[in-house]
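For reference, the chain that follows is the form predicted alone, supplied as structure tokens.
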């Protein structure tokens, strides 16, 4: 009987904390995405859907990069920079060259 009373008392607390914690995590994730910088680079030489996967992987290895997404049709690489971290464009150009593509201009 004591166990059931304990569960009845603690269960609402756990549910409220679970909902509150989830909302807090979502707010934190949204805030960090808002603070990150997005850059767009031209990339020449990608001519098929399989081409961009290797480039994305190389760029993601750069410590200042949070996310990278290449698009072979648009000939672009979109890079999300980690908040409060400096990213040198030359690091991105170097990764593009190592993936055997030609870097173009930084568009944004």
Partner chain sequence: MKRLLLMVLVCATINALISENASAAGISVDAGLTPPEDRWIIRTQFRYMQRKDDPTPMNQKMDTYAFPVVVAYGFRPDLTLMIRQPVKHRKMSMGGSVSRETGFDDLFVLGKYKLYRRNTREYTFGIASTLGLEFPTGDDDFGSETWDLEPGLFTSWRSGPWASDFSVAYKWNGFADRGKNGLNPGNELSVDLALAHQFSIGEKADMSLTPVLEFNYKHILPDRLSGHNVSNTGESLFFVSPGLKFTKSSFILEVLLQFPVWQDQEGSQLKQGTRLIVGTRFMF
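Residue numbers count along the first chain shown, from 1. Bear in mind the structure is a predicted one, so any value in this text is a computation, not a measurement.
The form predicted together with the partner chain exists for this protein as well; it is not shown, and the discussion that follows is about that form.
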Using a 4.5 angstroms cut-off on non-hydrogen atoms, would residue 67 count as touching the partner chain in the model of the complex? no
Does residue 92 reach the partner chain in the model of the complex if we count a contact as any heavy atom within 4.5 Å? no
Taking 4.5 angstroms as the cut-off for heavy atoms, does residue 49 touch the partner chain in the model of the complex? yes
Given that the partner is absent here, does residue 58 sit within 4.5 Å of the partner chain in the model of the complex, heavy atoms only? yes
Just to make sure I understand: among 74-108, which residues lie within 4.5 Å of the partner chain in the model of the complex, judging by heavy atoms? 75, 97, 98, 99, 100, 101, 102
